[in-house]
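Below you'll find only one chain, the form predicted on its own, shown as structure tokens.
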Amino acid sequence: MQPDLSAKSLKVTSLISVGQHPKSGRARRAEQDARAVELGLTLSDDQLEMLHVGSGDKTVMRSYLGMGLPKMTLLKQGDRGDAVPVLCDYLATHAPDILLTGVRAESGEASGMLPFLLAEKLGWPLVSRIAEIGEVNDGVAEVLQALPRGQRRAIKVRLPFVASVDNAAAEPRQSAFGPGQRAGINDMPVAGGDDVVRSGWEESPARKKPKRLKVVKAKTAADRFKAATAKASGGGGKVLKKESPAEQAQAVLDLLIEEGVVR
């Protein structure tokens, strides 16, 4: 599905966030947000607006700008601020035809609820996990939605609408350092306090949960191969229904002691 040339007059806004490398934790451009910018450049290279809400890591912002945009808008807000009302006020004023986001951020809450909340507040239709946007005629866009196992679904949606971009979309182009440094960042301070719900949270680094290891007592290669390929069988658990709460708690404690969780 190739984009229609008439779509070049579209006004497209792409939301970006500060990504996080899954291994090193280093700040970077988010993979899905970069794909959304790539899709926006394909649709409307001259009228694409890149928008970020937050304190803004300028190094990361310039890595997005290095994809070929001359400028972007940064709505300056505290890290614990609620981005939804700020974005709704801005988008209601500037009124883009298409709003592109990633499916989920790579840092922060990363709940994936932002496109849904924006679509609800603005009253726009939402298409989730898109791979491509094709022809746009008479205010209606043909959207290709990514489905599991490589399948695709063609959807027609009326402008304006919100779309979250899936990993199945085209890969983002490389970021050029020089153009990214020369591009402009328009800082716009916005009014808005901290998110009331988030202000009561206690945040800490995530820890990997311990995984139970299967102990194989095989002596020969054939036994080890059989243990590796054998289908896991259940039946080792116990369902406690009629026992008293004290007996149920004792059974849980006995299991924890047996597994070495409690010493």
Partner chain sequence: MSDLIRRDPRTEWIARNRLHPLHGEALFSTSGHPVGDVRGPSGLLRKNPHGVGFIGPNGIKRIDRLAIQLGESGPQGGQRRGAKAAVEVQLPLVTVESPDFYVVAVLDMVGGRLTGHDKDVLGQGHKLVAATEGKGAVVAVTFGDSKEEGFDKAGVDRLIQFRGEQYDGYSPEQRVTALEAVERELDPEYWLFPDSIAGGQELGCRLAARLGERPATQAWQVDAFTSLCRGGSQRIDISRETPRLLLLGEECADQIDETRHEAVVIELASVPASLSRIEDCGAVDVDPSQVPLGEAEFILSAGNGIHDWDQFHQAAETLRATEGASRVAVDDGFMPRHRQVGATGTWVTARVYVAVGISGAIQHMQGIGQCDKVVAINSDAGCDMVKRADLSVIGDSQQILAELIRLVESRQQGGAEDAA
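Note that the rigid core is defined as the largest set of C-alphas that superpose within 1.5 Å between two forms. Residue numbers count along the first chain shown, from 1. Just so you know, these numbers come straight off a predicted model, no measurement behind them.
Another form, the form predicted together with the partner chain, is not on view; read the next lines as being about it.
Enquirer: Please pick, from 107, 175, 73, 167, the one residue with any non-hydrogen atom lying within 4.5 angstroms of the partner chain in the model of the complex.
Expert: Checked against the cut-off, the match is 107.
Enquirer: Using a 4.5 Å heavy atom cut-off, state whether residue 228 contacts the partner chain in the model of the complex.
Expert: No - in the model of the complex, heavy atoms of residue 228 and the partner chain never come within 4.5 Å of each other.
Enquirer: Is there any non-hydrogen atom of residue 77 lying within 4.5 Å of the partner chain in the model of the complex?
Expert: Heavy-atom contact with the partner chain at 4.5 Å: absent for residue 77.
Enquirer: Under a 4.5 Å heavy atom criterion, is residue 181 part of the interface with the partner chain in the model of the complex?
Expert: Close contact is absent here: in the model of the complex, residue 181 is far from the partner chain, nothing within 4.5 Å, heavy atoms only.
Enquirer: Spell out, yes or no, whether the shortest heavy atom distance between residue 153 and the partner chain in the model of the complex is within 4.5 Å.
Expert: Although the partner chain is absent here, residue 153 would touch it in the model of the complex, with heavy atoms inside 4.5 Å.
Enquirer: Going through 13 to 30 from first to last, which residues have a non-hydrogen atom within 4.5 Å of the partner chain in the model of the complex?
Expert: Those in contact are 20, 21, 22, 23, 24, 25.
Enquirer: Using the rigid core as the reference frame, would you say residue 21 shifts its C-alpha by 2 Å or more between the shown form and the other one?
Expert: The answer is no; the displacement is under 2 Å.
Enquirer: If we fit on the core, is the Cα of residue 58 displaced 2 Å or more between the shown form and the other one?
Expert: The answer is no, as the C-alpha of residue 58 shifts between the shown form and the other one by less than 2 Å after core alignment.
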